[in-house]
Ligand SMILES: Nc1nc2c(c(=O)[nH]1)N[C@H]1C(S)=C(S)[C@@H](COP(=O)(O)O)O[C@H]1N2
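Only one chain is shown below, in structure tokens, and it's the form predicted alone.
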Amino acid sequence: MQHQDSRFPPVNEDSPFSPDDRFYAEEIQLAFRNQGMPLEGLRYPITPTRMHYLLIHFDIPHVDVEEWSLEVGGLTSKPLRLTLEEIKRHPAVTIAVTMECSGNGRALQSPRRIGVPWQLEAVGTAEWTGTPLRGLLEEAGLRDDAVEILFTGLDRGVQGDEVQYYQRSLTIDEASGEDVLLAYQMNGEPLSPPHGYPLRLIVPGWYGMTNVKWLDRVEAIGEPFHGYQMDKSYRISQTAGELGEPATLIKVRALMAPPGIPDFLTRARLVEAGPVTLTGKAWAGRSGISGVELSVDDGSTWSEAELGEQVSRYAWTAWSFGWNATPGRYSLCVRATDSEGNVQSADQSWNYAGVAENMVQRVHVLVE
């Protein structure tokens, strides 16, 4: 029998969760297919591409770029069909964007909604290069009766008993924002297949599901789109039958890079006594960060952290906090406040889909 380090909580390795918290095989399969950012990645201003989180909704489509082209049409006066090289001839912009899955934190909810079992690792900040969508919409000539832009990816599958392509829409005003990109590079390199090669949508400040990958069509439509990914998914509701409000802009959140060293199995942290600098990042969609606070007593008292550099207006802000760690067990908490005055909640605000949650992070440490 393997020895259990007595400094950390005991774990039954054959059944590491209580029956109420046990993960289903389907969730484990999703966890293997989808990649979270190790929270050590919070130490980088720009997340290395292979550390950036990934959510692959259906399958990764195989795209032959020599055969591929993007259709920009629908309610337009001059529909376009563009190869990747033709798109690259349009004005190029590079923007650093913090992207977060709307389900980040889902596995921490109680009761837990079945889905991709993210804890807090579904985030990353990358530099995306592409051409502003607004220019192509102007080139195609939107008609006066167009009210939304529908984005269709090449990924196809079944969800909610519907066979579907992955589709999301934005209003004309949202899609015409100056920083909405059709991106073909990530961190200075061509998109990899999991990240949407050859072309994807980037909508800074919105949760990740908005950033449609493997783009096939961009269509102007005359009425709001009511497809599955708009009306039956990514909604904030209390029951399965309730429509609820859509998850849209990313809520304010701060996360801490793991201090000290981990216990292999439990990931509980061991920290040496003495001066410790806690660091991390905070972000808030399209809002700025006005403050970050730290607590070393599970939220009973709070102290201001020092804010550092913000990578870009749509990217996270660095923070740091000096802690004189004395021996004992601690629950470290971090919370952020955005420029609109919104503060992270200490408690979860549960919803049926497990989306758009931003409860305070807690990191349990043993100081010796």
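In this text the structure is predicted, and so the values were computed from the model without any measurement. Heads up: residue numbers just count along the shown sequence, starting at 1.
Keep in mind the form predicted in complex with the ligand is missing from the figure; the text below concerns it.
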* To do: Give a yes or no for residue 315: in the predicted bound form, does one of its heavy atoms lie within 4.5 Å of a heavy atom belonging to the ligand?
  => no
* **residue 333, heavy atom within 4.5 angstroms of the ligand in the predicted bound form** => no
* Asked: Is the gap between residue 323 and the ligand in the predicted bound form 4.5 Å or less for some heavy atom pair?
  -> no
* Asked: Is the gap between residue 213 and the ligand in the predicted bound form 4.5 Å or less for some heavy atom pair?
  -> yes
* Find the only residue in 183, 99, 133, 284 having a heavy atom within 4.5 Å of the ligand in the predicted bound form. => 99
* Structure fact -> Heavy atom within 4.5 Å of the ligand in the predicted bound form, from candidates 117, 227, 208, 198, belongs to 208
* Verify the flagged residues 88, 217 and 219 against the ligand in the predicted bound form: is each one within 4.5 Å by a non-hydrogen atom? => no
* Asked: Quick one: which of 137-145, 264-272, 152-160, 248-256 gets within 4.5 Å of the ligand in the predicted bound form, going by heavy atoms?
  -> 152-160
* Structure fact -> Taking the ligand in the predicted bound form and a 4.5 Å non-hydrogen atom cutoff, the residues of 338-368 making contact are none
